[in-house]
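In structure tokens, one chain follows: the form predicted on its own.
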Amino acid sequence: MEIRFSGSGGQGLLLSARILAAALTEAGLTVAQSNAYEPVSRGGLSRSDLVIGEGEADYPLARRLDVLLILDEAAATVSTGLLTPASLVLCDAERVTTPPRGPFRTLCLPFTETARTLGNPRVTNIVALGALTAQASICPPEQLLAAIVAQTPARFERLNREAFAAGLAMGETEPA
């Protein structure tokens, strides 16, 4: 399975990928992670790819995406060439105004709006991770929640739990 987290710098994409990789590794899977970002601290194009399997990855870079998460318009069309008819594309409904179009499945969901409702737009990535978990059935939600708690500062635990639960509920209301 190949997953890409994409958007702009400062959105927590690399953290989201690291959290998912930790949960999948805990489940006994092999995960190769690669990151690419522009040399600015906030706002430049950013992405993190996970190549997931039961054995060692033949090639550690994403070539055909099963899941693409887009949190910013800057990344809306960059990965279209890696999508297949079986791909799932999850977009932030507020920040991605022109989602990729094609024979793949695209869902635009209110990640940023939900995070703002929870009191902090910085947990948009965790909301999106919850929706991704519900839609892609990559690992049990409890396992991913444990990785979120382990990989993020303790002072944000309650907020991250709420954000993940909101994203999970959001993803479960959409047909998979």
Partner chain sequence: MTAPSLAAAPPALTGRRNLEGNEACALGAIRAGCRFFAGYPITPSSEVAETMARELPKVGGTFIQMEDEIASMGAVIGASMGGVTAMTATSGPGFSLKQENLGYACGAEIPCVIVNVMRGGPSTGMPTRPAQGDILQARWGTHGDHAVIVLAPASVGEAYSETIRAVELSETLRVPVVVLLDEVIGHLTETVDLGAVPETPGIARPFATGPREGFLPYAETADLVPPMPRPGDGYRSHCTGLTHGPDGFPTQNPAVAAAALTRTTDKLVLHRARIESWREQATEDADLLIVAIGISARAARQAVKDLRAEGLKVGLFRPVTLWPFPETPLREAVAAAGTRKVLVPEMNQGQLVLEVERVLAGRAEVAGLSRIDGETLTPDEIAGAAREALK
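Values in this document were obtained by computation on a predicted structure and should not be read as measured data. Numbering follows the first chain given and starts at 1.
Missing here is the form predicted in complex with the partner chain; even so, the following discussion is about that form.
- Proximity of residue 142 to the partner chain in the predicted bound form falls outside the 4.5 Å heavy atom cutoff.
- Remark: residue 33 counts among the residues lining the partner chain in the predicted bound form, judged by a heavy atom distance of 4.5 Å or less.
- Among heavy atoms of residue 44, none comes within 4.5 Å of the partner chain in the predicted bound form.
- When the partner chain is considered in the predicted bound form, residue 57 lines it closely, a heavy atom lying within 4.5 Å.
- The candidate site formed by 22, 29 and 64 is fully in contact with the partner chain in the predicted bound form, as each residue has a non-hydrogen atom within 4.5 angstroms of it.
- The chain is drawn here without the partner chain; in the predicted bound form, the stretch among 129 to 137, 116 to 124, 49 to 57, 142 to 150 whose residues come within 4.5 Å of it by any heavy atom is 49 to 57.
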